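First, one chain by itself in structure tokens, the form predicted alone.
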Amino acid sequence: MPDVQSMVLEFVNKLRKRKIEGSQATARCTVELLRSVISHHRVPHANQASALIDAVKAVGAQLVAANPVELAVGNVVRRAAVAGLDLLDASDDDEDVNGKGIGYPAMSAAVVAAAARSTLRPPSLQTLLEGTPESATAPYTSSSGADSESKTADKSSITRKLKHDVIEGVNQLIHEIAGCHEQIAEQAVEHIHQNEVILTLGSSRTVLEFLCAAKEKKRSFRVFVAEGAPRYQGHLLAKELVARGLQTTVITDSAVFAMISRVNMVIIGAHAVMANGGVIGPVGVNMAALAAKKHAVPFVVLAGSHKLCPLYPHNPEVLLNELRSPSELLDFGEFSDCLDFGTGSGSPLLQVVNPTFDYVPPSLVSLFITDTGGHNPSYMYRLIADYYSADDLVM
């Protein structure tokens, strides 16, 4: 049996040291770790659902603290818990409505009606917990001591069913994360047309698959790739696009405004989509959004559902950015004189700021394309509400 705590600590260290790059890879590793935690967690006979929820949230809090700027971690922690409990709640409802549950009290008409009204929204963890009858964690048995073995067997059976349903939901979430690129790419032919010019910035596998899917559908178009200094991720994307047979032009980031008049559409990959429809993307993306707005060019954001965050940018727990090493911008050997503490104030003459991300307000976004389809920015709050509940936002 693997040591789950060691696995958690190892993954926490990887998050702290930024050894896992990309929101999809981070989300997938996070959900796989949570699956192991759920599988090996010892659930007490009483308050089983509560104990499982607490275990998932405790691990999730450690992971979020290790890398607060990777919002996909918190997103999938919330969804991993809700996904499995949603299946459990649905199966219990079927038994209760039919009156065939063993020791489960029948649901009232009001409760059934309330459940029917909320079918489009996953129940919150707190709601599921409060709505679980006591018999779900401690099934009815007679007071006779002869039934003690049967009582223990029933509790073990319920525990196994609880874990099985939760793990089944987590497996569906893993499958969803793994297939998000393909789901988004299938919509490319609806948005990219013949002889268009597409501008993108940085490097995103979602954008790569989206553009290549349009190419495979016999769409002929050209791609402008802003290089994404100082890490020059755009160079990597340009190489991959050329290898897949797409006409590609690399431009400097400062040339975006100069080239935007030739562009038909801007397509970028998001690091995260906030509850207000705002986008966290690679540094420089706000400049591209402003250029697109100025020239009435559609600004399209691609994002898998694991990047949809239920938090708002003004929430105190949201870290919108982090600073990378100044060495990506300057060679310390060449600028050592500028970095001397010559003012006597204890601060260097030259300071270097190297942010990783940029924020784009929803007013600059024309369309979101997720694995569930295309959505206007004004609809994103409703889409995100379908995945999360206010009771599940706090870890």
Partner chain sequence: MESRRNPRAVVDPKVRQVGFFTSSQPDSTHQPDPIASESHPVASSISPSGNSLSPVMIPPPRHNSSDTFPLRAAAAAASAVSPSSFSYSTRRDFPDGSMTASPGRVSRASFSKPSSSLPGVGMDSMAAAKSSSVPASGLTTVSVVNMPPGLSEKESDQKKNSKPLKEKTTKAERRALQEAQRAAKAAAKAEGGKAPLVTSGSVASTNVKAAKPVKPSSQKNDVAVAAPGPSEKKGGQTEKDRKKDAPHPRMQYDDESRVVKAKRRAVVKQTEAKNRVELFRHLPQYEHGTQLPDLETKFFQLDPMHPAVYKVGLQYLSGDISGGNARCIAMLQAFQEVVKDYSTPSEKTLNRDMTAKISSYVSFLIECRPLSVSMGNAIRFVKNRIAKLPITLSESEAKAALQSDIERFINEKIIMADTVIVKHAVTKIRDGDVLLTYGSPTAVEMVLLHAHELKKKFRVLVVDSRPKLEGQLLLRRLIKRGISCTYTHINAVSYIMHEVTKVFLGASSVLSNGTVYSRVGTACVAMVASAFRVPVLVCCEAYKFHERVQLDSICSNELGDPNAISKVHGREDINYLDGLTNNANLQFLNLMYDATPSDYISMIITDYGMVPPTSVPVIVREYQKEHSLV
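What you see is a predicted model, and the numbers here were worked out from it, not measured in a lab. Numbering follows the first chain given and starts at 1.
Not on display, but discussed next: the form predicted in complex with its partner chain.
When contacts are defined as a non-hydrogen atom within 4.5 Å, none of E32, V69 and L199 contacts its partner chain in the model of the complex.
Contact check for E216: every heavy atom lies farther than 4.5 Å from its partner chain in the model of the complex. Using a 4.5 Å cutoff between non-hydrogen atoms, G179 does not count as a contact of its partner chain in the model of the complex.
The closest non-hydrogen atom of N354 lies within 4.5 Å of its partner chain in the model of the complex.
In the model of the complex, its partner chain lies within 4.5 Å of some heavy atom of S261. In summary, the region of this chain contacting its partner chain in the model of the complex, judged by heavy atoms within 4.5 Å and restricted to 186 to 194, 70 to 78, 229 to 237, 204 to 212, corresponds to 229 to 237.
In summary, among the residues I174, I167, V250, L311, the only one with a non-hydrogen atom within 4.5 Å of its partner chain in the model of the complex is V250. The listed set A275, V297, V283, V300 contains one residue whose heavy atoms approach its partner chain in the model of the complex to within 4.5 Å, identified as V283. An increase of at least 3 Å in the separation of the C-alpha atoms of N315 and L383 is found in the model of the complex, compared with the displayed form.
Between N315 and N75, the Cα distance is greater in the model of the complex than in this structure, by no less than 3 angstroms.
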